[in-house]
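In structure tokens, the next block holds one chain alone, the form predicted on its own.
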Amino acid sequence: MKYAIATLGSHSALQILKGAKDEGFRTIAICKSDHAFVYRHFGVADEIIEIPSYSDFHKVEDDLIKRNAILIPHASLITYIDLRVIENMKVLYYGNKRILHWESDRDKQRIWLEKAGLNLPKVFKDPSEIDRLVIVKFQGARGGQGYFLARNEREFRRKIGSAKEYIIQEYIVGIPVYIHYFYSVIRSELELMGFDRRYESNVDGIGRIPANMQRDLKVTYTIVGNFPLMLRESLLPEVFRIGQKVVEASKEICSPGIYGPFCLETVVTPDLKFYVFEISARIVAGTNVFMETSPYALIKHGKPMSTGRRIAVEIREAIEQDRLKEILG
């Protein structure tokens, strides 16, 4: 039986589809009609299924089932498609669907990361408790959109607007490091795929403005792109340690746990301590900086290996070993 790899045409679809083609799979992109030309231009999709809007995604499920497609999730899928729709779809799906509820709820995320025993920034339950610099975030995979800084309750009230669902998190001063992992069910191994830093608007542009003109500017954290990053080698043991602890904790909270690609969003302080402030339980856009490979993946696999291709390798090996059910959620 031949399988196809399908994904929503957005986020990291170019990488996912290219990686699947590199491993010999037929590929399918499900795209909004005004985005389809991108995937035709790059030639990564053997077939493009056009939909008027993301809310129509569920209407193509029967088409995907007929094509024996395996759906690969990414942030756009879980942002634009209701989780209940995803959970109830019968199309083959790579990953543990139930882990998405733990990712999308920041309170559940914290329970997960605390169970893993990681260093976490302090969370303030009420704005009146704010006694230091904090960052206010919103639920879901919104790409940093709307996040803001506050130093006290007065600043918080001035900036929050009408939003009701948010988290007030201590702002840890340090270097943001986004760690890309891949946990293989077939090989029973945690792999390091690379690191990136985000390029955010307008916070990364404000530094180009003279200090005396920055004071009254509104700082925003909307992600525009990503930079590749090489971490000092002496930090790699800690990187593997915290990643493994997250995997182990996930098996307790949501069996069979997290597998495939995931990302820990961290800040490294001057004393080289990792603070974990968020987890993404699927492929992240930061892996796109390694569309061909990262140095770590190249050393591990002995050939170019993007995260998108690593997903396809896992699926291919599962098919060859008659273990596909073990990696489908």
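Just count from 1 along the sequence shown to find any residue number. It should be emphasised that the depicted structure is a prediction, and the values quoted were computed from it without experimental measurement.
Form predicted in complex with adenosine monophosphate (AMP): not shown, discussed below.
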request  = Name the single residue among 265, 63, 292, 56 that comes within 4.5 Å of adenosine monophosphate (AMP) in the predicted complex, judging by heavy atoms.
outcome  = 265
remark   = Exactly one of 124, 183, 156, 178 comes within 4.5 Å of adenosine monophosphate (AMP) in the predicted complex through a heavy atom, and that residue is 178
task = Spot the stretch among 234 to 242, 255 to 263, 76 to 84, 162 to 170 with residues whose non-hydrogen atoms come within 4.5 Å of adenosine monophosphate (AMP) in the predicted complex.
result = 162 to 170
task = Would you please decide whether residue 103 lies within 4.5 angstroms of adenosine monophosphate (AMP) in the predicted complex, comparing each non-hydrogen atom pair?
result = no
query = Counting only non-hydrogen atoms and a 4.5 angstroms cut-off, does residue 191 reach adenosine monophosphate (AMP) in the predicted complex?
reply = no
message = in the predicted complex, is there a heavy atom of adenosine monophosphate (AMP) that lies within 4.5 Å of any heavy atom of residue 198, even though the partner is absent here?
response = yes
task = Look up in the predicted complex whether residue 221 has a non-hydrogen atom within 4.5 angstroms of adenosine monophosphate (AMP), and give yes or no.
result = yes
key: Sequence-ordered list of residues in 271 to 303 near adenosine monophosphate (AMP) in the predicted complex, where near means a heavy atom within 4.5 Å   = 277, 278
